[in-house]
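The data below hold one chain only, encoded as structure tokens and taken in the form predicted alone.
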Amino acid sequence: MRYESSGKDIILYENDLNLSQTLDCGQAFRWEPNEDGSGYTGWYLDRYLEITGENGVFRLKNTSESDFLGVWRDYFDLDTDYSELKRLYSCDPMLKRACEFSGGMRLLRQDGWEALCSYVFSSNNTIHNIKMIIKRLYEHYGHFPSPAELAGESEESLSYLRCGFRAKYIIDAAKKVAEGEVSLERLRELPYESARAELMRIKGVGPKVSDCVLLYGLCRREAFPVDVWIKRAMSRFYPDGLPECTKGTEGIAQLYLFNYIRRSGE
């Protein structure tokens, strides 16, 4: 990772980053493209960022060095060598094509609670609707609400979200996290299957949602969310499972496969 300060901005030099591939692929729901197509604006909890650029040079606007090193460096997973991951994956012909097609894809290391909320709202929903629900939630509170704040809500008091049956799910998630019945920090340390099972104690959280929370919110890279696109890829290319070169980073391999299968037309 190489960066420099430039006035009130941070200039980031990173060849393994493509903003549209990373921020507009469905792993996070609080990013929107700028009107001029130069980049994206978005949020991490209550932190706002505008990031622009391409071809390995990016500008994080109005960002202090301390915020870059303390927040955005981790969020964009800048300490991981994605060139090396792509080299390892390229031992497999299908993954090699996926990596070449989606060479700027990165895992976003989101906040665990924000990711849990986002993916509870994602149940049988569209990306647009998820974004609008989260936007209404943030605007109502004026910040991203804590588990304790949401635990005090009711289905009626959350009617402004227009999230339907998911209201009871988000309240249950908030109560279980606020009361310590589900500890997001503990989920970072538990064996993968145990962490998955603990998340699925929350109403509305099944295998896919639990894997999304573990991967995108808790950086459990072995988590492997399976939606219709990944199910199609696994059936067609990997009926016996992913190749050994992905062991321990199956979730990152999933990002490359998902984007390739969804957008390449193969």
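Numbering starts at 1 and runs along the sequence shown. Because the structure is predicted, anything quoted here is derived from the model rather than measured.
The same protein also has a form predicted together with the DNA, omitted here; what follows describes it.
Remark: none of the three candidate residues (G42, Q110 and P147) comes within 4.5 Å of the DNA in the model of the complex, counting heavy atoms only.
None of the heavy atoms of E222 is located within 4.5 Å of the DNA in the model of the complex. Residue contact with the DNA in the model of the complex: G103 places no heavy atom within 4.5 Å of it. In the model of the complex, the DNA stays beyond 4.5 Å of every heavy atom belonging to W72.
Among residues of the shown chain, F165 is one whose heavy atoms approach the DNA to within 4.5 Å in the model of the complex. Listed stretches are 73 to 81, 165 to 173, 179 to 187, 138 to 146; the contact stretch with the DNA in the model of the complex is 165 to 173, by a heavy atom cutoff of 4.5 Å. In the model of the complex, the DNA lies within 4.5 angstroms of at least one heavy atom of each of the following residues of 108 to 134: S122, S123, N124, N125, T126, I127, H128, N129, in sequence order.
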